[in-house]
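Quick setup: one chain, the form predicted alone, written in structure tokens, and binding and motion questions come after.
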Amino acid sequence: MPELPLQTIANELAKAVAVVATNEPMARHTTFRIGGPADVFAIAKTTDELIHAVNICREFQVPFFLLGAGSNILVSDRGIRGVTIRNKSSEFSLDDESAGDEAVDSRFVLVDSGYPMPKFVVDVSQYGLTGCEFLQSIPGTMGGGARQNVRFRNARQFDQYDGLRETRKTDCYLSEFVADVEVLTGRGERKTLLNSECGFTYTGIDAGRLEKDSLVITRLRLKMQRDSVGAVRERLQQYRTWRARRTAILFNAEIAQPQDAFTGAHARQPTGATAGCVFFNVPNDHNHPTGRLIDLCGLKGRRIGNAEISPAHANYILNLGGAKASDVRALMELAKDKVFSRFGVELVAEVQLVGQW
């Protein structure tokens, strides 16, 4: 807890951003609809506001947490101490700089870190820029997507599932399109990191580098391919249809989502209040994704309080209404214990635990 009174901190932040509140329930700002109060909650609507707010927190030595779209996190029932900054910086522009020898077929795009990923791919589609259509189904921001190196199945693999190892080889990753990342350093300076300096892996950007140098992602520069506006919109529809109806029209043929060999079901993301996939897909001798490992342990539909391991996809936990963070965490620990006991596989949480636990 900072030594300065909450209202003093809020007053300082009000000089940088328009929206500031104290004791703000985080359940209002997460896709899980779970989370206790943030001591101070501020909304930064531009990159300049974001930088100003971060620098104020650093100047007064107040701990701060950067919130994107509120997905992929589980906020403690006790809330978040210090300042929570909601990053809503949302501008993008086409970079006039040449994209190299392939400039005719590609173009650079500058986008703020707070830009919602689903909105971004729809907005750039009007310029005939393609490659990131898979982002439309991921409820996060571009900065959070880069930090986690978000991924999804390649559209050409919609009609088959050959196992975890094979699927990971063809997945689409955001890092494939990142040319460089603009960050705010611990000294308050704006700096550009090339893709090769970010240390992208399956689990995200090099977290050690970000934390060691106190780096805050402010903007991305993406290299995207050109195509006709109609072709890009058709790809967007292919993803949208596949996710919604379990079938898709791909290359003029209707195909079904891959069938799970164990359950015989066609997997789909569950609807409702979730944070996304709870665990990463961990390489294992069984070549199974994490959802299948949890399913094989008989945990689909298991409830603790008002939290439930989804009956549709075992790597999702649902808030059935009024669930507590402690309920969700208890289900996470149960899944980890059961999977390790049966398969010897140590699950790694993809959902970030935030706040005072």
Ligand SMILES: Cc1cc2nc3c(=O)[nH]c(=O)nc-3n(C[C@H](O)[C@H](O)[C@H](O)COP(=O)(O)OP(=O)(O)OC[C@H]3O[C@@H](n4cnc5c(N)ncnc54)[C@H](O)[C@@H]3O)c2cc1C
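Residue indices: 1-based, along the sequence shown. Remember, predicted model here, so these are calculated numbers, not experimental data.
A second form of this protein, the form predicted together with the ligand, is not displayed here; the remarks below concern that form.
**Student:** Among 221-229, 192-200, 283-291, 113-121, mark the stretch whose residues have heavy atoms within 4.5 Å of the ligand in the predicted bound form.
**Tutor:** Partner-contacting stretch among the options: 113-121.
**Student:** Please check if residue 125 has a heavy atom lying within 4.5 Å of any heavy atom of the ligand in the predicted bound form.
**Tutor:** Contact check for residue 125: no, nothing within 4.5 Å of the ligand in the predicted bound form.
**Student:** Would you classify residue 215 as touching the ligand in the predicted bound form, given a 4.5 Å non-hydrogen atom cut-off?
**Tutor:** Heavy-atom contact with the ligand at 4.5 Å: present for residue 215.
**Student:** Although the ligand is absent from this view, report whether residue 131 comes within 4.5 Å of it in the predicted bound form, heavy atoms only.
**Tutor:** Contact check for residue 131: no, nothing within 4.5 Å of the ligand in the predicted bound form.
**Student:** Verify the contact flag for residue 151: yes if a non-hydrogen atom of it lies within 4.5 Å of a non-hydrogen atom of the ligand in the predicted bound form, no if not.
**Tutor:** Residue 151: yes, in contact with the ligand in the predicted bound form.
**Student:** Just to make sure I understand: among 110-141, which residues lie within 4.5 Å of the ligand in the predicted bound form, judging by heavy atoms?
**Tutor:** Result: 113, 117, 137, 138, 139, 140, 141.
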